[in-house]
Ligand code: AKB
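For reference, the chain that follows is the form predicted on its own, supplied as C-alpha cells.
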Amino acid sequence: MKQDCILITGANGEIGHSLITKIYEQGNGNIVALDLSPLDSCLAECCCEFIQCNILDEAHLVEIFQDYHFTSIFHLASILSTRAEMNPLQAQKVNVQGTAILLELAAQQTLQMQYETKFIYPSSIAVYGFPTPEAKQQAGKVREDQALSPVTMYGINKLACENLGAYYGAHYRLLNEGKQAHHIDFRAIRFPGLISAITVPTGGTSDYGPEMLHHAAQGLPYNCFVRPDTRLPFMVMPDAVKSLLTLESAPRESLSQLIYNVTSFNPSAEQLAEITINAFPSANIHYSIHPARQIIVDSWPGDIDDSAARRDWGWTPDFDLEQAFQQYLIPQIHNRYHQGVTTVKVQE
C-alpha cells in the first residue's frame, strides 16, 4: 500500500523553509520535498524523502506519484516576479505548464484513489492590475473578483493557474460520459508581500521592506527602488504559513470560494523606512526610483479585502505592523548579524 504523505514542491524556497519546519513541529514527518536544487541540510530531518526534480520533468513526477499517495499538495515551485520579467517564456513554462502537469497527476490520483486530493496553491496580489496610481488609490480594499488585469508575466501566470485549478476542481473532463465522481480539492491563497526573518530577500518586487532591515542591521546603505508614498499589503512569514495550514485543514463545506485574499498590514515605504531607522539609528536609507519596478508596484493594490477568509475559515493574522517588527523581524534580524547567526539563502 502506498504511504500517505504531503508533497511540497519548491521546498527550498522562502515559504518552503518555514512550511516544512512548521508541519514537522506539529508532529508530521511524512513530507516528500521536491526542488530543483539540493535540499538545505536544516530541512532534511523534517522530511521522509527529498527528491531533486524539475517541475517540468513529467516522467519523473509520474514515478513519484506511483510511489506515494499524496493527501495534500502544497505547490510552491515557481519563478518569482523579478526573474519572470527577465525570462518570461521560461516563467510561463515553469509557472503554468509545471502547475498543469501537477494538477493533472493530482486529478488522476484522485480518480484512482476515489479520494479528493487537496491542492493548496499560493497565488499573489500580482494577479491584480491598476492602470494608474490614482486608480489604485481610489479602489481601496480590493476583493478577489476585482481588477484582475495583471501587467507582469508572474501575475498573468498566477491568474492562469488559479483558473486551471478551478477547472480541475470542478469541471475536469466535461465531455467524458457520466459525471466524474471526484475532483481535486483546489484551494488558493493570494499572498501580499511576504517578509521573513529567517530567509534573506532575493530581489523580489516587494522586497524593499525586508531589504531595508537587512541592510540596516549590517550597517550597509540602502537605496529604496520605490517612492516613499508607495503602499502595498504585507504579512510576515509565520502568518503566511499559518494561513496555508488553516486553509488546508478547513472543512470543504465551509468554503464559499476557491481563492482567498489574506493580509495583515499595509504601510508605505516611508513608514517602513521610519521603523527601520528607529530600530537601527545609523541606518542610511535613500530613494533611487527604478521606473519599471515602480510601475509594477503601482499596479498592485495598496490594500486587499480578506473578509471572505475571515468569514469562511477563521483567518486572522497573529502579527499586526507593530508586532511584526518589534516582536519578530527586528529582534531576529538584529541577532542574525550581531550574534553570528547563519543567514539562510533561498532559491527563487
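One-based numbering along the sequence shown. Please read all numbers here as calculations on a predicted model, not as lab measurements.
The discussion below concerns the form predicted in complex with the named molecule, not included here.
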Assert contact_stretch over 124-132, 262-270, 166-174, 244-252 against the named molecule in the model of the complex, heavy atom within 4.5 Å, equals 124-132
Contact with the named molecule in the model of the complex, heavy atom within 4.5 Å, among Thr276, Ser81, Asn95, Thr110 goes to Ser81
Interface check vs the named molecule in the model of the complex: of Thr205, Ser196, Thr230, Thr99, the one with a heavy atom inside 4.5 Å is Thr205
Would Tyr154 sit within 4.5 Å of the named molecule in the model of the complex, counting heavy atoms only? yes
Contact check, 299-321 vs the named molecule in the model of the complex, heavy atom within 4.5 Å, ordered by sequence, gives Trp300
